[in-house]
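Have a look below at one chain only, the form predicted alone, in structure tokens format.
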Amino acid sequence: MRPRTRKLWLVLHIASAGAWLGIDVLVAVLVAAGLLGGSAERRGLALRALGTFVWWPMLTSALICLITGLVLGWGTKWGLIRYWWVAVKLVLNLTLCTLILLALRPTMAEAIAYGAGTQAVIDRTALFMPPIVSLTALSLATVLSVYKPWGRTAKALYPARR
């Protein structure tokens, strides 16, 4: 990959990861405001905003981060499974994308109903866990990107025989 092209993909990757991280912080703030803070009207508004506006932008930024990471892995010396830190980041991204679809998305209808006052109870753990898990995993991915620990995988050390 040419340096200019690589830099473009890298900028897109970093920007999408930053957007994803920012959306996760917003989720944490809306969950806290919706379950812990202020008047019933404010809590309801926060949960309705959470349920209405969050998961699509989060999934979009996650998928852009995944796609740009795949392109960078295929097109640079780092590879997709050549280094442990890249492989771990790939697994983290795929896991978080799956969790957005399977764990976060289904709870959004509940958040809207609870915020509108049409549902008496809500599973607080289902709302608190996504930002905790995601912020932790994205922070780990950031650290891995900076420090690049663990070296090469066995796949990279022992190329396939011809």
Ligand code: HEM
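Predicted, not measured: the structure shown is a model, and the values here were computed from it. Residues carry their position along the shown sequence, with the first being 1.
Here the subject shifts to the form predicted together with this ligand, a form of this protein not shown in this document.
This chain is displayed alone, yet in the model of the complex one of Leu47, Met58, Val27, Cys65 has a heavy atom within 4.5 Å of this ligand; that residue is Cys65. Heavy atoms within 4.5 Å of this ligand in the model of the complex belong, among the stretches 117 to 125, 29 to 37, 49 to 57, 89 to 97, to residues of 89 to 97.
Though the partner is left out of this view, Ile23 does not reach within 4.5 Å of this ligand in the model of the complex, counting heavy atoms only. In the model of the complex, this ligand sits beyond 4.5 Å of every heavy atom of Arg152. Residue contact with this ligand in the model of the complex: Trp84 places no heavy atom within 4.5 Å of it. Contact check for Gly69: a non-hydrogen atom falls within 4.5 Å of this ligand in the model of the complex. Using a 4.5 angstroms heavy atom cutoff to this ligand in the model of the complex, none of Arg43, Met108 and Met129 count as contacting. Residues Leu10, His13, Ile14, Ala17, Trp20 are the ones in 10 to 45 with at least one heavy atom within 4.5 Å of this ligand in the model of the complex, listed in sequence order.
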